[in-house]
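Below, in structure tokens: the form predicted on its own, a single chain.
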Amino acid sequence: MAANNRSANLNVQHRKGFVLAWVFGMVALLLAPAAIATKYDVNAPTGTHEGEDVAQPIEFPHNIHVKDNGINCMYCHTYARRSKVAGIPPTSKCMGCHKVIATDKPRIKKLTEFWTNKTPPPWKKVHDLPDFVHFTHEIHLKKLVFDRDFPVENVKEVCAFCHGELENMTVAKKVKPLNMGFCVGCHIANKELGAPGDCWKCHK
């Protein structure tokens, strides 16, 4: 009789353990999508633009640097995370690698010539906005990457919202319209995430 009671108690404990494990498992499954949603639910802006290659003093190959060598966008464009503009890297940053890497390539020889002459290459702007539009890289990266715990190593996916997939380009070209409709559409699509709708946020 005592053996039967012990067996019954063990069965009850096993059932309780199973039920608790099932409950915790279901809670974890329900909470996981919510946690993921808070990080990766940004709606990318829509729209395309037929851009042309802008002639540059040196044909900088984004595909080799970003795709082949896995260099993070913010390594070269260091101002993006802390100022309005992304910034063009100083020649010293380029030469930090190219004093020893690919020194026999025509592009690098041209770069070295600028460096030796203490003259920065006259890069031309590709993604330009009117002067009356106030856009800041810092705020967008803060809201879309750092505040949302988006993996910094994948920041190129966020940059591609406005700049296109530069990892598949050589010389950068404009492939997104970057007009008011493009920006407003993105803010409307992401208003639940805090994207402002106030005109004065962009027009100051």
Partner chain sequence: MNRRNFLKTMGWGGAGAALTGCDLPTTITLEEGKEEVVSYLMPEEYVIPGVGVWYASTCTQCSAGCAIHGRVREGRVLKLEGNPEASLNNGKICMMGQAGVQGHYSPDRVTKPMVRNGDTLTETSWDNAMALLQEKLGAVSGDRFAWFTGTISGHQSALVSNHLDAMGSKQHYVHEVVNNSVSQAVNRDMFGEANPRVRIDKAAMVVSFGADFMGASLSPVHYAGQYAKFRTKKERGLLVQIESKMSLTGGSADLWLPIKPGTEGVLALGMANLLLNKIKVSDAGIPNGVRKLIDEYDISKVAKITGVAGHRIQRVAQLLTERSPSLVLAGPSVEGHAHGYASVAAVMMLNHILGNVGKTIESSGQFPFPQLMAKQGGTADLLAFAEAAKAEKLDAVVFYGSNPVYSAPKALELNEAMNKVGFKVAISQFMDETTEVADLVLPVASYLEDWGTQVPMQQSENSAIHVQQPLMEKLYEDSKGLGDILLSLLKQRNNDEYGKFEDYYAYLRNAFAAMPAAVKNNTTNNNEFWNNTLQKGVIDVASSGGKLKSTVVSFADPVSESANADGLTLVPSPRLGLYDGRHANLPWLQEAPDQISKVVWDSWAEMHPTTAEKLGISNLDLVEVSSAQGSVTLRVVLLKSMHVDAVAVPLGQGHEAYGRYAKGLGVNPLQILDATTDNKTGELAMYSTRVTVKSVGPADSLSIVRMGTGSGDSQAGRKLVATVPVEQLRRTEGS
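Keep in mind it's a predicted model, so treat the numbers as computed, not measured. Residue numbers count along the first chain shown, from 1.
The same protein has a further form, the form predicted in complex with the partner chain, not shown here; the description that follows concerns it.
**Student:** With the partner chain left out here, work out from 156-164, 141-149, 50-58, 63-71 which stretch has heavy atoms within 4.5 Å of it in the model of the complex.
**Tutor:** Single hit among the candidates: 50-58.
**Student:** Examine Lys124 and determine whether its closest non-hydrogen atom to the partner chain in the model of the complex is within 4.5 angstroms.
**Tutor:** Yes, Lys124 lies within 4.5 Å of the partner chain in the model of the complex.
**Student:** May I ask you to state whether Ser83 is within 4.5 Å of the partner chain in the model of the complex, using heavy atom distances?
**Tutor:** Close contact exists here: in the model of the complex, Ser83 approaches the partner chain to within 4.5 Å, heavy atoms only.
**Student:** Taking 4.5 angstroms as the cut-off for heavy atoms, does Pro45 touch the partner chain in the model of the complex?
**Tutor:** No, Pro45 stays farther than 4.5 Å from the partner chain in the model of the complex.
**Student:** Hey, in the model of the complex, is Ala102 touching the partner chain, heavy atoms inside 4.5 Å?
**Tutor:** Contact with the partner chain, no.
**Student:** Can you name the residues of 68-103 that have a heavy atom within 4.5 Å of the partner chain in the model of the complex?
**Tutor:** Result: Tyr79, Arg82, Ser83, Lys84, Val85, Ile88, Pro89, Pro90, Thr91, Ser92.
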